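One protein chain, two forms: both are listed below as structure tokens, the first as structure 1 and the second as structure 2.
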Structure 1
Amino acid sequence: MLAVGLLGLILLSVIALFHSLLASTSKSNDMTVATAMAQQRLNELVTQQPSYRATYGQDFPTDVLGQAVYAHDSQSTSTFYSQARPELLKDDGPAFGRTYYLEVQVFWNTPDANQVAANRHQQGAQSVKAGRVVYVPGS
């Protein structure tokens, strides 16, 4: 009877360990995908910047974009959201241009960037940021 009880306790410990490892792997996958998406969106914003002024009336769009990705397996998708946050560092006028710090945040489990911290109870970080300084030449 004691051996069966001990075996049960060991099995429960092993199951809990595997559950923890699975959650850790899932979290790692999310962080990897989000980091790649942040870099990709940042590159797209920089390379396509000349067309944004005509389209959006600003140097960089700040709307939230959602993208479904097969991050964990080939059967189900996870939706990742990205948002650009340009911060004007220096404006030298229309003849010379503007310098921005452009930051892209990618988050998941909520489409609202302000809710990311509220949804992270026992799940750790659910967002990734990437940024760079960008010069936008004047017209």
Structure 2
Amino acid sequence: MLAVGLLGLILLSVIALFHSLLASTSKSNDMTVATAMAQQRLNELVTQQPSYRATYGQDFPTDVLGQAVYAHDSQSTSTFYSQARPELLKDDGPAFGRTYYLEVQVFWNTPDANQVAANRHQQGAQSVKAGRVVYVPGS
């Protein structure tokens, strides 16, 4: 009985090991998608910046955008949310311009867009960030 019990324990451990192997590849895929998305959003924000002042009344929009992406399973998509967070580093006045540290955070596996950067048991942080120092010239 003891031997069978030990064998059962070993089998359970092996199952858990394979389960975590799958979970890690799944997270790796999610992180690749999120990293690419953060970089793309950052590129978009930087290149489109001159048009934001007229549309949003601020240098960068900070609303949360959601995008459904096939990250692993063919049957279902995962929703990735991205949000820009501009941090004003230096304001040289309207004539000269402003310097920002622009950071984009992408997070996933959250029930809704308001629950930013969720952590999940055995998955760890489910968000990535990409940032860049951006100079916005004055008018």
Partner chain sequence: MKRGFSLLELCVSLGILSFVLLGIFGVFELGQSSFHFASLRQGLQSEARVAFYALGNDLRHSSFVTVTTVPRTVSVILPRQESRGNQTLDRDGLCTAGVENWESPGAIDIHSGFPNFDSFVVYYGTSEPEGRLIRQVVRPALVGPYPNAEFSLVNSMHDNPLANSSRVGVTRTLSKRLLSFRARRDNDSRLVVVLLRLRGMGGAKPGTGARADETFELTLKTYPENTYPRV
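Each form is matched to the other, and the largest set of C-alpha atoms that superpose within 1.5 Å is called the rigid core. This structure is a prediction, so every number in the text was calculated from the model and none was measured. Residue indices: 1-based, along structure 1.
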query	finding
Assignment: the form predicted alone	1
Displaced residue check between structure 1 and structure 2: T25, CA, 2 Å or over, core reference	no
Large Cα move at V133 between structure 1 and structure 2, threshold 2 Å, rigid core	no
Cα displacement of L6 between structure 1 and structure 2, once the rigid core is superposed (Å)	8.2
